[in-house]
Structure formats: structure tokens, C-alpha cells
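To begin, one chain is listed below as C-alpha cells, in the form predicted on its own.
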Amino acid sequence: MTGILRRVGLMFGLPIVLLAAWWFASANSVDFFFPPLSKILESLVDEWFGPRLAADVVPSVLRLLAGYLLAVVLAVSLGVLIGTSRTVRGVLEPVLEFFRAIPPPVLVPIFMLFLGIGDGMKIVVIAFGCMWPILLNTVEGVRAVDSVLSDTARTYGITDSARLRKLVLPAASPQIFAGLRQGLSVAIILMVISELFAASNGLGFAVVQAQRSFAIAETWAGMLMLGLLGFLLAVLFRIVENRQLAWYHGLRRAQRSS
């Protein structure tokens, strides 16, 4: 129980201190562009946890999850293939390096030409941008699998599919999860960017609309909402990661204590 309270304190301690400092520093603010935090929080509750929750937040989250999951499936599958085959790696690496160097926001107008301005375009933008850290970490994780273990499994006649499930993916999973964590951060950024172009709803769209109409408190509240969404997704990801990599974290703790 003490350990749980300690972790919660470490997680929320600094944000609470920063919010308290912001609250007192802005309490008497009369600056139009920097309203008091109390006014911003009031707008956050009234707008973003009110009508905008279903109208803007939920569509953004659904697009984010769809693009992220698509990137995970494509990047992990392709990363395993590239990591296990030197021939495939030699053929695909120049092409992948070319596309990886292109900033995803630059491709938004091109995606709009082929996919329109609907959700499909936004999902593809998110998937294209956040797949690269996942792909690269998967390739490196698969290539780092102990060759002795691979040769032993092959010697004992273990099939390729069983070797992939029981050896390659578990051994590469810490590196894959590192890429998944990086990809999630990129996905949140691209979710906002994709909603700046010809959108009719979403967090990015709503924040820009508030800024253009000089609704400053609503604009600040929208940014706080983005921060809260990122924090919530990071916490959920950490829970999944700790559950799936419990063996890995336990092994590291044992190594540190020995």
C-alpha cells in the first residue's frame, strides 16, 4: 500500500505543484491572452467535459486509435520480416529510409487528393507518421535476438511460426514496446495536425476555431484537454506495458539486486 501511494505521489506531485503555482500566479491577471486559471478550468469543465466531449474529443480519440493500431499492425509485421531476412532488409531499406525522411504533415495535401477530407485521410496521416519509430525499434529488437538461441531452436526442429511466437517476439518485445511508446506520442501530435486541414470536428479543429474567434479561455482549455488526453493514454500504455513485460522488469530488478 505504501508503494502504491508513493508511486501516485510521484506521478501527481509535480503536476499539482505546477497547477497551484499557475493558479496563484494568474489569480489577479487582467491580461486578455493570459486569463486566470480558474476561468480556464471553468471553460474546461463547461465546454470540453460538456458538449465538446462527444462532438470533438471522441472523434479525435477514435481516429487516433484507428491510425495507431493500423501503424502497429503494419510496422510490427514489416519489422519482423525485415529483421529476420537480410535479403528483404537489403531491398526495402533504401525505400523505407526515403519515406521515413518525409515529414508526415507535408503529405497531408497529397493524402487529401487521393483520400478526400474525411476520417480516412486523418487515419492514414496518423498511421504513416507513427509507424516509423515502431518499425525501426521492431527491426532492431528482432535483429538483437540471441543467435545461439535461434540456432538451438532451429536445430531442435522448431517451426518458424513457433520460433516467432515463442522466441523472436518475446525477446524483441522490450524494444518493440519502446517503439510503441514513441509512436503513441507522434500519433497524438499528428492527430491534431490532421484536424487542422478541412476538418469539421476534433480537438485540433476546435482549438483553432477558438483561437480564431479570440475565445482565449477556450483555447487554453483545449490545450489542457490535449495534455490530459496524452497523460491518460500514457498511463494506460504503462499499465499494458507493465503487464506484458512483467517478466522483463522482474529480470532487471533481479539483476540490479544481485
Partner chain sequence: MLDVRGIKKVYESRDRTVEAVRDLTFTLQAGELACLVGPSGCGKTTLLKIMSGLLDPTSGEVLLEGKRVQGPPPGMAVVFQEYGRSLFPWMTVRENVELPLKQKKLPATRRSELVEESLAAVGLAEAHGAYPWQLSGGMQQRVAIARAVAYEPHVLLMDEPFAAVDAQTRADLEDLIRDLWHKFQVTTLFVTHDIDEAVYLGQRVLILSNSPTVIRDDLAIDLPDQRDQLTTRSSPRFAELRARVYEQIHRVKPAVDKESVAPAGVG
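Basically, rigid core = biggest C-alpha set you can superpose within 1.5 Å across the two forms. Numbering follows the first chain given and starts at 1. Computed from a predicted structure; not experimentally measured.
Although it is not shown, the form predicted together with its partner chain is what the next lines describe.
Looking at F24, you'd find every heavy atom of it more than 4.5 angstroms from its partner chain in the model of the complex. Contact check for P170: a heavy atom falls within 4.5 Å of its partner chain in the model of the complex. Remark: L149 counts among the residues lining its partner chain in the model of the complex, judged by a heavy atom distance of 4.5 Å or less. Taking the partner from elsewhere, T155 is found to have a heavy atom lying within 4.5 Å of its partner chain in the model of the complex.
The three marked residues, T159, A162 and A254, each reach its partner chain in the model of the complex, with a heavy atom inside 4.5 Å. For F99, a C-alpha deviation below 2 angstroms is recorded between the shown form and the other one after rigid-core alignment. Y156 shows a C-alpha shift of 2 Å or greater between the shown form and the other one [criterion: core-superposed Cα displacement of 2 Å].
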